[in-house]
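One chain comes next, on its own, written out as structure tokens in the form predicted on its own.
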Amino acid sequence: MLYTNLNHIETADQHATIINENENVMVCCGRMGPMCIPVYGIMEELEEEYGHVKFFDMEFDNPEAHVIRNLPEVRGFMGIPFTIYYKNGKVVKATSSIQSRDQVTSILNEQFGVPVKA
């Protein structure tokens, strides 16, 4: 399991349930390494701001992560983490390697809409 403050996905069945029961989902599939940890941190920071998005991590080396590693959208990716954005159970965007906060928020805004301030 990854040592983050995000919710963890540990099985393929759990992954399927999450993406099918939530409209907007971001899953970061990686390890506890220098390219992945910054992305987990960004996701942790954005959880409160983007209440309409569910944020999860999944351990890249978990055999159950085949549901991420075998997606057609990640074919050719060379670096981890693989970050997948799901809308209504379908992949709408996939990125690999380290991402900045601006890159992540740009994708979140484009795919899921800008967060509404109360």
Partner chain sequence: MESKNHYDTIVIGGGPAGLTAGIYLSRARVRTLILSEGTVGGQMVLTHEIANYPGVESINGYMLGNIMKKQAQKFGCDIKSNIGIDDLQLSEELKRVTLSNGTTYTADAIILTPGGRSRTLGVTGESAYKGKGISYCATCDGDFFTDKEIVVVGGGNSALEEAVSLTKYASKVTIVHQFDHFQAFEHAIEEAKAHPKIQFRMTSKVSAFYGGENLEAVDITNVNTNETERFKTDGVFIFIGYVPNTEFLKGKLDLNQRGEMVVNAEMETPIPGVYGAGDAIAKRYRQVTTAVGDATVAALAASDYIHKLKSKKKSLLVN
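Being a predicted model, the structure only gives us computed values, none of them experimental. Positions refer to the first chain, counted from 1.
We do not show the form predicted in complex with the partner chain, though everything after this point is about it.
- prompt: Which one of Ala12, Ile98, Ile107, Ile18 is close to the partner chain in the predicted complex, taking close to mean a heavy atom within 4.5 Å?
  reply: It is Ile98.
task: Just give me the single entry in Gly89, Pro63, Gly51, Gly41 that has a non-hydrogen atom within 4.5 angstroms of the partner chain in the predicted complex.
output: Selected residue: Gly41.
message: Contact check in the predicted complex: Glu47, Lys93 and Phe112 versus the partner chain, with a cutoff of 4.5 Å between any heavy atoms. Do all three pass?
response: No residue of the spot touches the partner chain in the predicted complex.
Close approach of Leu71 to the partner chain in the predicted complex, 4.5 Å, heavy atom: Leu71 lies outside the contact set for the partner chain.
- prompt: Can any non-hydrogen atom of Tyr85 be found within 4.5 angstroms of the partner chain in the predicted complex?
  reply: Judged by the heavy-atom cut-off of 4.5 Å, Tyr85 is well away from the partner chain in the predicted complex.
message: If we define contact as a non-hydrogen atom of the residue within 4.5 angstroms of the partner, is Ile80 a contact of the partner chain in the predicted complex?
response: Ile80: contacts the partner chain in the predicted complex.
message: How about Val67 - does it come within 4.5 Å of the partner chain in the predicted complex, if we only consider non-hydrogen atoms?
response: Val67: no, not in contact with the partner chain in the predicted complex.
- prompt: Counting only heavy atoms, which residues in 23-38 are within 4.5 Å of the partner chain in the predicted complex?
  reply: Counting only heavy atoms within 4.5 Å of the partner chain in the predicted complex, the contacting residues of 23-38 are Arg31, Met32, Gly33, Pro34, Met35, Ile37, Pro38.
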